[in-house]
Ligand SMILES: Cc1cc2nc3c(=O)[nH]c(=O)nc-3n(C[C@H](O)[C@H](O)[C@H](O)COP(=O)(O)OP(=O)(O)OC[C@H]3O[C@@H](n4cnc5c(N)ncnc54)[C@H](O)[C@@H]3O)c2cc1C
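Just the one chain here, laid out as structure tokens, in the form predicted alone.
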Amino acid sequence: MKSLKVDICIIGGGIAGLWTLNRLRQQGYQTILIENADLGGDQTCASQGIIHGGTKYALTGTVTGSAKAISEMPKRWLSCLKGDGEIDLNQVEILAPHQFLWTENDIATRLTGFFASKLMQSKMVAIKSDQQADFFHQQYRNSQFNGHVYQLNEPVINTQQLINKLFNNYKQSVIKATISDIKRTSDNDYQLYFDGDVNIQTKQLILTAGNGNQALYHKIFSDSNAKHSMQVMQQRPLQMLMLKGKNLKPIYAHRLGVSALPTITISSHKIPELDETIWYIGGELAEKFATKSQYELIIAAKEQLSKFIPWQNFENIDWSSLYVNRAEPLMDKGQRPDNQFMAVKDNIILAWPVKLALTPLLADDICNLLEQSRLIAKNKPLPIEFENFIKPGLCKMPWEKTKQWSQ
């Protein structure tokens, strides 16, 4: 059996792994990424592609830890999307340069202080009835709505193109393989075993496998007596709603309710070959029906959407859903994590970005840590054998994988 040696091995080909790979390769670290399925296939391509700037996470009227941490992220992402940031993403489509938030009068009155706060002043602009976006025009004209519309200066991007771009930047460093075992060597490196006649030895492991991090962590420390107490991950399930039809207008918006979480969050995606639009819907609705049947979700959604968006015609619309298990670091009492997460044990970095927008901050944390480690960035080439490894495919979007739609 032949052993290939590299300095750093990232396991997991979602947004966290690929972004970190790009940063480490830029800095000259000899780095590979291993993915056992499709790139971005578990959580990244199932996200709505929203680059949050804090607004959505401060809707209780107070500025939370999440809002502070994420405040500057849209600016940083937009710099990359223009091609002059830390990673060149200028080929990634911006689906919408901003989003909208709409709310009824009574709720808006309670949140007047929040909307006027210093943190939100640069993020949100109130839209007058004679200046509102096309989607909300009908509601004013028909007097079906008595509330307010705000523009959120937070972009929405094409996650599939994002993953593809990050992969193509350093595709020679990405391989598709299933790890059968991981062992610690006598010199404190790690040996990764696969089916076949090749294994990989690495000085540093970075786990960015999302839902797979827990199993990998147990695999690495399988000889530990504390194996069963090494819980490092929690899951927060969702059931995302999908609508498909020719008469759906593109919309990127949050409907604000009484809780800290928007009642619904809608992003849109075109299917040009069918002349159809997809509405991909998350928010409180997706969390509340996370463990319910698809039928129950759709029945409730039809009632809510006809109430929240009475000017939209829902005839001849197909409905479906997608179950998503969001993976997060284990928090006390199952609380939502506010920020990106990184933990270190025996030359292993365990990492979750927590939110798509926080990925650059997670990569910062990893890069800063490695600067203090035994590793030296030398721009060493990868062993030539890596050219013979299979490359993973690109994730499909949720509506591309869905076969069952109903009316």
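Note that this is a predicted model, so its numbers are computed, not measured. The first residue of the sequence shown is number 1, and the count goes up from there.
Just so you know, the form predicted in complex with the named molecule exists too; it's not on screen, but the next bit is about it.
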query = Which among 36-44, 377-385, 364-372, 339-347 is in contact with the named molecule in the predicted complex, heavy atoms within 4.5 angstroms?
reply = 36-44
key: Listed residue that, although the named molecule is not shown, lies within 4.5 Å of it in the predicted complex (heavy atoms), from Leu248, Ile298, Leu216, Leu305   = Leu216
ask   = Just one of Ala209, Ile309, Leu285, Leu101 has a heavy atom within 4.5 angstroms of the named molecule in the predicted complex, so which one?
value = Ala209
inquiry  = If the criterion is a non-hydrogen atom within 4.5 angstroms, does every one of Ala16, Met240 and Arg326 touch the named molecule in the predicted complex?
reply    = yes
request  = Give a yes/no on whether Ile50 approaches the named molecule to within 4.5 Å in the predicted complex, heavy atoms considered.
outcome  = yes
ask   = Heavy atoms within 4.5 Å of the named molecule in the predicted complex: does Leu356 have any?
value = yes
ask   = Any of the heavy atoms of Phe289 lying within 4.5 Å of the named molecule in the predicted complex?
value = no
ask   = Is there a heavy atom of Tyr280 lying 4.5 Å or less from a heavy atom of the named molecule in the predicted complex?
value = yes
